[in-house]
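Taking the form predicted alone, here's one chain by itself in structure tokens.
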């Protein structure tokens, strides 16, 4: 065993000099090195790893430079108050949930949400009501909230205190957030938005609008995903002054008492970069991405999905559910019978680091620090790909989306009970103790507190047979209470 296993692995990875099409948004430091202001910060990062000394303020009681930096952040995004989060978007989702709801409150939640939202539901002892997600069988990927089901759920749960949605999802697809906010306002529901992948939204035409500008009550954004900021950095934006005292408390409670000044400085720089350079550089990025989308599509096997196809062409009747698509990322779709995972591995072997894959797609995330040579390298690597080597050995499979199971216990009640295991074929009628989530599509088949049904068992059997990765199933067993 090496003496420095993690250090050695990181050094080895950096030597590979992969084209960076994954997080973080600074793209191997380019985001700092390409501006005078950023290079000055880059050159002093380690020296700047300090504590709350005189003149550098205190994140938990900001009155000086941190307060000024957060005020500039708030002014740029258009919130009543904004916060630096050194514990990532996950801490922001928890802060939103604890600030907005009390124990026992009913909350409407998009089914395909981040695990931190589900953790918040458990920790705050909420009563979740889930909204179905739609799935596009053409592209074999989850697309958006099911609008018809959303309206039904809201109508049947007018006493809910709020709605939690994701905008955009991992694929860059944006639900019609303006419509959701309008519906929520009818019943005095708060709308909380996990916009982890949308920190760059609204900076120029061609990008979707910011969730803050659309009127959401609270919004969390991961600065590190698409901006020149260090991993683990995020923003929380609050649009109602009445919520600020509670948010102040919970943000402070959920963040480290020794916040990294390197993380905070990178967040300040990311906001500065967007404000000073963002419009021009993101316009240039979109232009390059659009040009290479056409070139890649002309290869004839790979297909980069566009906003026009997804929305204007009414594919699968989804146009009423989709608001927009972030075209500063690629969803490279391949025909059924081929493996998105194998394509991801092929790209990595050829020096291209993509973000993620599912059965039929590979997702690449861009920022202005992806240069044209990165796109050209991607294009050339795809041109020479031997498609026979990325065939799916088990054949193609159609994704199954179940109806939502009945809820017998609240998620937090499950946490307190003894858990047992059983073969999933024998689980009908039992109460789920751990979410079962097949990848793809990443949408839970069953959640803690819900009851296993014959339909759920058939779905698990299907994904198991097709050798999909199914979280919550181990050695053919599931947990129940």
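Positions refer to the first chain, counted from 1. This is a predicted model, so every value here is computed, not measured.
One more form of this protein, predicted in complex with a further copy of the same chain, exists but is not displayed; see below.
Contact check for residue 171: no non-hydrogen atom falls within 4.5 Å of a further copy of the same chain in the predicted complex. Residue contact with a further copy of the same chain in the predicted complex: residue 278 places no heavy atom within 4.5 Å of it. In the predicted complex, a further copy of the same chain sits within 4.5 Å of a heavy atom belonging to residue 355.
For the chain shown alone, residue 413 is not a contact residue for a further copy of the same chain in the predicted complex, no non-hydrogen atom being within 4.5 angstroms. Taken together, 2, 45 and 230 are fully in contact with a further copy of the same chain in the predicted complex: each brings a heavy atom within 4.5 Å. Between the options 235, 201, 330, 269, the residue in contact with a further copy of the same chain in the predicted complex by a heavy atom within 4.5 angstroms is 269. Among 80, 111, 348, 307, the residue placing a heavy atom within 4.5 Å of a further copy of the same chain in the predicted complex is 348.
This chain is displayed without a further copy of the same chain, yet in the predicted complex the stretch 340 to 348 from 369 to 377, 296 to 304, 340 to 348, 179 to 187 comes within 4.5 Å of it by heavy atoms. In the predicted complex, the residues of 255 to 275 lying within 4.5 Å of a further copy of the same chain by at least one heavy atom are, in order, 255, 256, 257, 258, 259, 260, 261, 262, 263, 264, 265, 268, 269, 271, 272.
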